[in-house]
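This document opens with one chain alone, in structure tokens, the form predicted alone.
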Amino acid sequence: MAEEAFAVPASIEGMVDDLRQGLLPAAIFHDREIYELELRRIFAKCWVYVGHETEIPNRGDFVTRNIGEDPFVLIRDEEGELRVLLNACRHRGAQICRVQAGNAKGFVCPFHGWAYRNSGELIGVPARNQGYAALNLEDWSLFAAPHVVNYMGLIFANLDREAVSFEEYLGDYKWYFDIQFALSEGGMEVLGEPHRWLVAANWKQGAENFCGDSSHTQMTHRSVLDAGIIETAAAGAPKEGTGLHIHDCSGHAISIRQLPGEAPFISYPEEVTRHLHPGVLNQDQFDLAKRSLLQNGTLFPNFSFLHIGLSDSPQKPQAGFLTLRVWQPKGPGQMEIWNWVLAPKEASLEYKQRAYQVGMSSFSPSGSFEQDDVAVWPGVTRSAGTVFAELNKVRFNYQMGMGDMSSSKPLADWVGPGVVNSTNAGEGGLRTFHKTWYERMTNTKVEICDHD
């Protein structure tokens, strides 16, 4: 059934009026109809992250990934080309790859033995002369994502043949996005294999959180603040002058914490910062990185990043690292979080081991920050699924920093793109995420000016 056949669910009809008031229907975090439409109008239409080039450095290397809930094989074929192949035999649809990672020149379907090159080309069919004599093998290659791009080592795919280019999709957000991956000449390197785990919460919970939910850290992550694992400046109460919220940036958003007058450089030590140079970045981008304690953002729909310095002990120095997150949908009330830890490629092996250890101690299935978040996010999904919420058309409040709620106004002389506030006491990034979500779900454009 084509996605056009799926009507916009009644629970979000008129949602544009809610967005203008900074309200959000609870149903979007639980409704099955909404979820089914998301798979078709968001995950089948947007650019979705599927892996990093350093995960598959050699010809034949592959990993299995999902776009929405559809299974794919990300592979580097014999010509070195990156391909994203639907993990389904063209004969009867059985999965041709049943392991998470490996190296292969091709795949043989375990059902009837159809054989494919690692480029997806069909090269063999059992009993062909007896039963498939007229079959044209060229017509039966594995289905593949029509668009695949390698952007600074990040591999994104898009299933929509009419999709705009990745650079156009990124838009002005490129100014901030590039900072995360181009601070050194060699770029960022994935450390170890990605971790993944299931959480009983809707995928949008994590995606919106990384758009700039700065006010949750002082409460949700109070235990790590009390333990001294992170400084108050990096995760304490939001206030004027220490944080930047940047939203309405080509549909994406980012949050930045700074130390006024200082250059913490995301807590990277000198042994790492000596490798960091503007390179392809301009001086304004590079200077912003130097002033930053942390930067976190979400490229719509479900790819988030957090560039931060943390420690696994108050007695040890902080170590900067980059964590990438994919909020993989697994139904309206469940997601699978995928997590990668990265460090600058030029860093020493000793530092990379330290960065990986710190990353795992904070943002992983057993990480201190992770345990805090996944303790509260499922409650939102449960509340959204109550009969009371349905019968009373419950709306959640996303008005923080909006209009008369705050005296802070967007900076007029900011050097980068987007709408920028010098306080992180706002939810403009979260409203940007849901505005983009609504536009994608309804195939409409929405003009909302009353942001913080």
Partner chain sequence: MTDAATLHAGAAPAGRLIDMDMQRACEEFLKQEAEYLDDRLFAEWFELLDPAIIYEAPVRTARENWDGTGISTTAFYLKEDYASIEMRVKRLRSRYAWSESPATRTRRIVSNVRVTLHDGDPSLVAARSNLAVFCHRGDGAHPQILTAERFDAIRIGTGVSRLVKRTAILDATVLGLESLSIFI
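Residue numbers count along the first chain shown, from 1. Owing to the predicted nature of the structure, the values given are computational and were not obtained by experimental measurement.
If you look for the form predicted in complex with its partner chain, you will not find it shown, but the lines that follow are about it.
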**OP:** Flag this candidate site as yes only if Val99, Lys316 and Met360 all have a heavy atom within 4.5 Å of its partner chain in the model of the complex; otherwise mark no.
**Re:** yes
Subject >> in the model of the complex, segment of 369-377, 236-244, 153-161, 118-126 with a heavy atom within 4.5 Å of its partner chain >> reply: 369-377
Original post:
Would Gly192 sit within 4.5 Å of its partner chain in the model of the complex, counting heavy atoms only?
Top reply: yes
Original post:
Looking at the partner-bound form in the model of the complex, is Glu138 within 4.5 Å of its partner chain by any heavy atom?
Top reply: no
Original post:
Looking in the model of the complex, any heavy atom of Leu299 within 4.5 Å of its partner chain?
Top reply: no
**OP:** With heavy atoms only and a cut-off of 4.5 Å, decide whether Phe111 touches its partner chain in the model of the complex.
**Re:** no
Original post:
From the list Lys105, Arg92, Arg382, His277, which entry has a heavy atom within 4.5 Å of its partner chain in the model of the complex?
Top reply: Arg382
Subject >> One residue of Leu170, Val199, Ile256, Ile179 in contact with its partner chain, assessed in the model of the complex (non-hydrogen atom, 4.5 angstroms) >> reply: Val199
